[in-house]
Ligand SMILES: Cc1ncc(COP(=O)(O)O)c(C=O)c1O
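The data below hold one chain only, encoded as structure tokens and taken in the form predicted alone.
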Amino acid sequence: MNKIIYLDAAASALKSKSVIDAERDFIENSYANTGRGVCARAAAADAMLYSARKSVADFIGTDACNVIFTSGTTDAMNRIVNIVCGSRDVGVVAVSDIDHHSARMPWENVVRLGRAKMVKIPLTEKYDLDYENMPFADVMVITAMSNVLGVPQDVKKIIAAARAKNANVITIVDAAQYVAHAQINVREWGCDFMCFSGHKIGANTGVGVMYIKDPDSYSPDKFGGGMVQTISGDDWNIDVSPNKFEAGTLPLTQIAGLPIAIREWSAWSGGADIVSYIYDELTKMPRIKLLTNRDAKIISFVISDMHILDFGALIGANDVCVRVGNMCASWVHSLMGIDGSVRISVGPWNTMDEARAVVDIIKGILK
């Protein structure tokens, strides 16, 4: 498997030896549940959790009490819907056609249940969120970077424009793709919620982050062990954040590897030279229609007279992994009049030699 050229970082990043070692070390030497014991192992697990939460908080520009661990972006997005809807009435929800399925579908379900109305955030000709023409909304979902187009959105300006229409709008940022390519600062953005998945930046699957700006303003969406202070009969006192939103046992092994992944990913230059080289070479192939611009963080394209699944099978037979399909982003593909696309995305493990090899393989497939 090591000979495979893996160009699907945007779907899930490969895991470094350091991340794997950190998880193994936790399992072998420190594993215990957190918040539930007084032995040495429990103390070590508690210390690991505190340190990991602090690392995440520093990474996104907030305090540890605002960082809630989830199983990933999809889990967080669904939980945010339940948290918001459980704490107040929802009027108008704004979404956009660059949203990923997990960012928009939970709110569409709320609309289908008759509990909210939905409006669209307009897009520019380049499919960016048009912050100059923001609609009025009580809740706004903001995809910080499309996993098809790979362009970071100006989240700060978008939120400011949304608040100009409604000062009390609840803003929710899907940073699942953004986190791998640009710095997050939730204080600077001013968002109410933000989420991302650890596996997009080289941590394990099963761990994600949900940021809540003002956790005291919301009721928990899950109940159980670890999130209560006292229970007496039918009465209980809920703990403060983050415990308030972390009922049950957390994905501790995955959390143990997350700070290492953050540190290593933050040190990576981003692979712009590799992406630019492949992009420039693809522009020389007449059958390829590029959907992304040269400055995008990924490369998406379609091929004339070839189905994307056929291309995926052929390049896969040459030991290259790319993504083909609708990328869980059906709406933007529909806007472009296509069913899906091919996507190339790189990570810290990719080299220029691999880029050259992939270009030669694509040339061979298109002959």
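Everything quoted here is computed from the prediction, not taken from an experiment. Residue indices: 1-based, along the sequence shown.
Although it is not shown, the form predicted in complex with the ligand is what the next lines describe.
- Note on contacts: among G72, P242, P259, G150, the single residue with a heavy atom within 4.5 Å of the ligand in the model of the complex is G72.
- Only one of A203, V141, A176, V155 comes within 4.5 Å of the ligand in the model of the complex through a heavy atom, and that residue is A176.
- In the model of the complex, at least one heavy atom of H100 sits within 4.5 Å of the ligand.
- Under a 4.5 angstroms non-hydrogen atom cutoff, the ligand in the model of the complex lacks K297 among its neighbouring residues.
- Remark: H181 does not count among the residues lining the ligand in the model of the complex, judged by a heavy atom distance of 4.5 Å or less.
- Heavy atoms of A10 reach within 4.5 Å of the ligand in the model of the complex, making it an interface residue.
- Comparing 193-201, 126-134, 230-238, 244-252 against the ligand in the model of the complex, the single stretch with non-hydrogen atoms within 4.5 angstroms of it is 193-201.
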